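In the form predicted on its own, a lone chain appears below as C-alpha cells.
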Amino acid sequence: MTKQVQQLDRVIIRFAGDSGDGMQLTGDRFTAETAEFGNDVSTLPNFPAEIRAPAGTLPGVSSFQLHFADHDILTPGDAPNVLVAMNPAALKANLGDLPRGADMIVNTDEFTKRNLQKVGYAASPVDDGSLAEWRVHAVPLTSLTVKALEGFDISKKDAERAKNMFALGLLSWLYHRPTEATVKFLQGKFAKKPDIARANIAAFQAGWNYGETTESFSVSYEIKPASLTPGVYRNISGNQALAYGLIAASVQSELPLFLGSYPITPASDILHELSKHKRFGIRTFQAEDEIAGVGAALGAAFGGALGVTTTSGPGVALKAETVGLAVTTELPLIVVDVQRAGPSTGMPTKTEQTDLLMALYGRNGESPVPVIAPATPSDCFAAALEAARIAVKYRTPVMLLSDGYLANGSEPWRLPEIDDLPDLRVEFTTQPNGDDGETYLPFKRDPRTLARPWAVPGTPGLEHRIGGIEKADGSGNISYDPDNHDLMVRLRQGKIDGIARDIPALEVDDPDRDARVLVLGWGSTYGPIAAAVRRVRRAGGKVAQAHLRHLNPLPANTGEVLRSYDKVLLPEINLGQLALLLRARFLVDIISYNRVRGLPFKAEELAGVIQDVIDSE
C-alpha cells in the first residue's frame, strides 16, 4: 500500500502519560533522532516532582513537548499539533492545550472503567463523541506491544513497559525519523539485560511497522532539515551546556575545577554530568547539605581552584552567609542557581524567574555580586564561561541564574572552535607586593579592576589573614575603624560597578530604527519574546527587542536604551522584579507583564500583549 507523504515546515508533538510510562525517555529519543536528521528543535519536558506519583491520576501525568522545523525556531511551541496520550489522565490533563483539528494518538488499552473514573470520566471520551473536533487515532498500544513481544523470554509486565518504544517507533515512521541511533541507544542502555534490550528494540521496530501497514495512518510527514550555520552540532540541554561551559572554563583558566554541591531539583544534573569528567581534572563533592557544599567550594577557591556550587532557590537561601564570606574575602566563586517555582519547596520541577532580587540583595550588609543569566539552553555554555571570566578576573563570587525551563529544555548547539574560547588564565601572586619588597599586602588592589591579589596558601612569605571580619585596606589586618569600613564597602561596590566597562553594550534589534515600543527581557524569556516579536512584525507592527544577560552590573548604555523608546514592555516570570529595579534606577515607567504559573510564556500570548501596547500609542 502506497501512502501519501505530506511536506510540513514544522510540527509540535507532545508525549504524555504516567510518570512511569517513560515519556521523558521517549521524548529524549525522538529529539535525538530529530537533531540527527538536521531539524532545528526545541523541547519542554514537564513532569511531577514525586519520584512515582499515583498511577493514572492527573497529578501523576508526565509530558514531553518538542517543536521541530525546517527553519530557525525559538520556543518549544505554544500548542501541540499531535498529542500522544497513554491513558485517560494524560488526555484530560493536556486536552485543553490541543487546538481543534489537531491529531491525537490514544492508547485505548488504558481507557478502562477504573482509569476513567480516576480522572472523572463517566464514559470513554474516545467513544462518546466528545473528541469529534479532533482527529483521533485509537491505537491499542499496550496490547500491540505485548503481542509483538510474545516470542521473548520476558514477563508480561516488562512487555507492557515497552509500549513507549512502540509509540516512539510509530511516531518515528510518521515523521520519517532516522532509527539507527535509537537502536544503538537501547543496546547500550540495556547492555547488562540483553533480553530487555532486544524486546525494546523489537517494540520500537513493531511501532514503525504498524505505521507502515495500518490503515489508521494514511499519510506520513516530512520536515526537511533546517538551514543552520555550517559546523558540527549536537543536541544539548541547559544543564549539560552549563556543565560543559564550566569544564571549558577550567581548561581555559588552567585551574582545577572543584564542584561542592548538594543534590536539588532542577540543578542535580550538573553534578551528575561533571562527575563523569574526571579526566579533565574535575573534582565533584556531593556534600551533606547546601552549606557544606558552598563552604567546600569557597575553600577550594582559597586553595587556588575554580570553585563552583550549584543549587536552586532554597539552596541559595542557605548558602547566603558563605556567599557573603566570599564577597568580603574577595575570592572567585561561581554560584549556579537553577531557579524553580517557590517559595519554600514550591513546585520543584516547574520554572520561574523569582530569585533575581535574592541573587542581588539576599545577604546581610552591602554585599554586591555580579549576576548573569543565560537566554537559551545552549547559551548556558557561554554564560558559564562568562561567569568564570568575571569571577577570576575580579576576585568575586558570581551568581549565574539559569532556570528549570533552560535546564531541562534542549536545542541544537554548534560546537565552538577551541581557538575561539576566551583565555581565562590568571596569574597567582608569588612574591611580596609591598613597597619595601618584603611585605605582602593581600588587599593591595589592581588599579584597573580593583581586584585584590590571589595567593595560594603555603606560598612562602605570603601568609595573610582570611575570614569574615572586616579587613584594613591594603594590609588585610582586622579593622574596626569606621572610615576604613566605609572605604572597603565602597571599594567592593566600585569593583562590581566597574565590570560594566568590561561587558558588551546592550544591543537592540530594531530593523528600521523607527519602533516606539521596546520589549526588554532577561534569562529564559528570550525565546518566547523573540518569537512574539517576529509575529508582530509579520503582521506589520513596529517593535524593538533587547535582552539582558548581565543583570549586575547592567550594561553601561542600559539607561540610554530605555529612554530611547516611548514605551518599554518587560515580561517576567515573577511579579516584576527587574521592572522594580529599572524603574528605581532609571526613572523609566516600565510596563510589566507577569505570569507565575511554573511554565514559560507562550509566543501567541506575548504577541497579543505587545500589540496591545503598540495600539495604545
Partner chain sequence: MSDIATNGLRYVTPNGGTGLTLVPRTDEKQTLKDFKSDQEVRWCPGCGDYAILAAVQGFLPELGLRRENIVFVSGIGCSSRFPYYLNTYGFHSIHGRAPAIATGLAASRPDLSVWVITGDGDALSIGGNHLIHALRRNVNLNILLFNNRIYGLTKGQYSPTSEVGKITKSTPMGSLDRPFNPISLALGAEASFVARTLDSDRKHLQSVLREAAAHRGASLVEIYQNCNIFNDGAFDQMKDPALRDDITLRLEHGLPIVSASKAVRRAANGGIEVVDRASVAEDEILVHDAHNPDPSVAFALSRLDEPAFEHVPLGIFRSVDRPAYDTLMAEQLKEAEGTRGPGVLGDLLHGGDTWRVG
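Residue numbers count along the first chain shown, from 1. Bear in mind that the values here come from a model prediction, so they are computed numbers and not experimental data.
This next part talks about the form predicted together with the partner chain, which is not shown.
- With respect to the partner chain in the model of the complex, the three residues A292, I418 and T459 uniformly fall within 4.5 angstroms at the level of their nearest heavy atom.
- Interface residue among L44, V561, L548, A35 relative to the partner chain in the model of the complex, by the heavy atom within 4.5 Å criterion: A35.
- Proximity to the partner chain in the model of the complex, defined as a heavy atom within 4.5 Å, singles out one entry of G188, P194, G437, P230, which is P230.
- Comparing 367-375, 396-404, 314-322, 207-215 against the partner chain in the model of the complex, the single stretch with non-hydrogen atoms within 4.5 angstroms of it is 314-322.
- When contacts are judged by a 4.5 Å heavy atom cut-off, F381 counts as touching the partner chain in the model of the complex.
- Not displayed here, the partner chain is kept clear of V508 by more than 4.5 Å at the level of heavy atoms in the model of the complex.
- Within this chain, R279 lines the site of the partner chain in the model of the complex, having a heavy atom no more than 4.5 Å away.
- Interface membership of M165, defined by any non-hydrogen atom within 4.5 Å of the partner chain in the model of the complex, is ruled out.
- Contacts between 295-329 and the partner chain, taken as any heavy atom within 4.5 Å in the model of the complex, involve G295, A296, L298, G299, A300, F302, G303, G304, E321, T322, L325, T329.
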